[in-house]
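First, one chain by itself: the form predicted on its own, in structure tokens.
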């Protein structure tokens, strides 16, 4: 009897050679194959008589092989296997190109199903490269013909036919798989059982059966993820955290240091965060807001509240540039803060104690001050949670643009005490609510959905190739008036002209590259301006220098890849040119656009695209007209689907769960059911099958 964990080599008929090929698709165990779903189905279900065949109409016939032959074409470049098939109504020819081995399979006198599209050649119909299946009699169950035939994602040496063969060897052992979903949910949504779902998604009798099975598996993935989220919340609710209290008077005092008034949305988000960190158990929150909406100042004030309670706050940024920027924000607005702020990156080690003096100290000394608690606010990249950094009493961790930061990572900050820090994760990527509830269901959600009052809307235009020169002339005027510009390109360098190209690479062939565009702009378009380039393959120190020099106005134009998406604040930059804008998602384009419009001057964004498709036009129009990133995120979710929108690796979600996110009712039902179960059975002791599935799912989406 096979189990989920059985290796494929344990199955009769599957030897090491086939197993090695299947491993290319990461199919190693029985479970891997059962959950390797078809992406479409060929309808070969109608068995036709030969006399009823029609030109170009897909059909399956059952007939006798009367004659088989093989020959080469005139130029001897191609082998052709030809067979004559007959039934009681007539005869038809079938030919296969460059499949010489079939001469050993197709035997005269044998019966088989043949499925494909007959083509009229002269006066006679001919099947070209039909699928076939040797059948002993008309009543034998077919796998590859005579039914809805599943088609799987393939790779070299692994065909759908091979996968169908493996599935057929596995399925019989799972036709009585025990159900693990809650009975009330199965009834409410009329889901097929787990056993039926396996059968129906791999070998459906109707398309409707396959769709129902897919819906069930989509819900199943959502439900398991929500169980993990609910379990994590339950676990945290029983842990200890430092409770950091505050008074309205202290918050007003902090506001007085900031030279602008916080928006209502900022104040609401801050209140939610401060109420979190008052609690004696660790909390988790996701703070979302457009680029430039003021998330940093909210996080800064929360950190100061923690420090005022004698505890430590840690702020982690994805890049050294951003870490430095956060450090400068603290110094700029709260220069009287005397409880110690440290910047700890591979490039710099600095500390500030409110006396107006910045100290560059040794790493050893700084680490000692952090460990003793002398320094209350620590800013850096992910390097600050390494083994050599110890904290005295970390009460709050703030993660900028990094969604996944679980309990295990927080535990690294606990040092010798039992207190787990509160978590605040910040993101400028606007995520639709259903997606946030699913992918980040273990986090409470706060939104900053309005921009500061002094911000001018960024004027956005979609630019065709005929208007390219006008855009360049406009950029030139802006730079001459003292402003700066970004140019974004989808790739770093042009592809090797000698290298073979995949279909995806062919699509990208005309995509602008940073290196080519920098050279073109420097020599032909803007020879009188200073231009620099930036991309992900550069060394960190080089990137830091380029960005710092651009901020200091040593360059007029910065040509960059998407690394600029999360980057430094350049108030003087007023123009964003995006080449090949059709190659970016709407939310990503929105992020790029947010790099300008940070200062007092009117800013502009030009979307260059040489593809005049309807879908491109819809997307560009959406960006031009969108009033907020959240509005745009909903459009992007509908146009591209959640898998492309967020990225599977970032979300930890399988494809089917991604698909299900577009059904809010399913998301909410999965969430409600999961939380009900965890509330009554936190360890899932009364749900052994469910506990086993949760464990497998954790491993599948790398949540261990």
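Numbering follows the first chain given and starts at 1. The shown structure was predicted, so the numbers you read here are calculated from the model rather than taken from an experiment.
The form predicted in complex with adenosine-5'-diphosphate (ADP) exists for this protein as well; it is not shown, and the discussion that follows is about that form.
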Within 4.5 Å, heavy atoms only, which of 425, 266, 562, 369 is in contact with adenosine-5'-diphosphate (ADP) in the predicted bound form?
266
Could you spot which one of 345, 296, 429, 544 gets a heavy atom to within 4.5 Å of adenosine-5'-diphosphate (ADP) in the predicted bound form?
296
With a cut-off of 4.5 Å between heavy atoms, is residue 569 one of the residues that contacts adenosine-5'-diphosphate (ADP) in the predicted bound form?
yes
Contact of residue 191 with adenosine-5'-diphosphate (ADP) in the predicted bound form (heavy atom, 4.5 Å)
no
Determine whether any heavy atom of residue 256 comes within 4.5 Å of a heavy atom of adenosine-5'-diphosphate (ADP) in the predicted bound form, and answer yes or no.
no
Can you work out whether residue 221 and adenosine-5'-diphosphate (ADP) are in contact in the predicted bound form, taking contact to mean some heavy atom pair no more than 4.5 Å apart?
no
Work out which of the listed stretches, 257-265, 513-521, 372-380, 274-282, brings a heavy atom within 4.5 angstroms of adenosine-5'-diphosphate (ADP) in the predicted bound form.
257-265
Heavy atom contacts to adenosine-5'-diphosphate (ADP) in the predicted bound form at 4.5 Å, residues of 453-468 in sequence order
454, 455
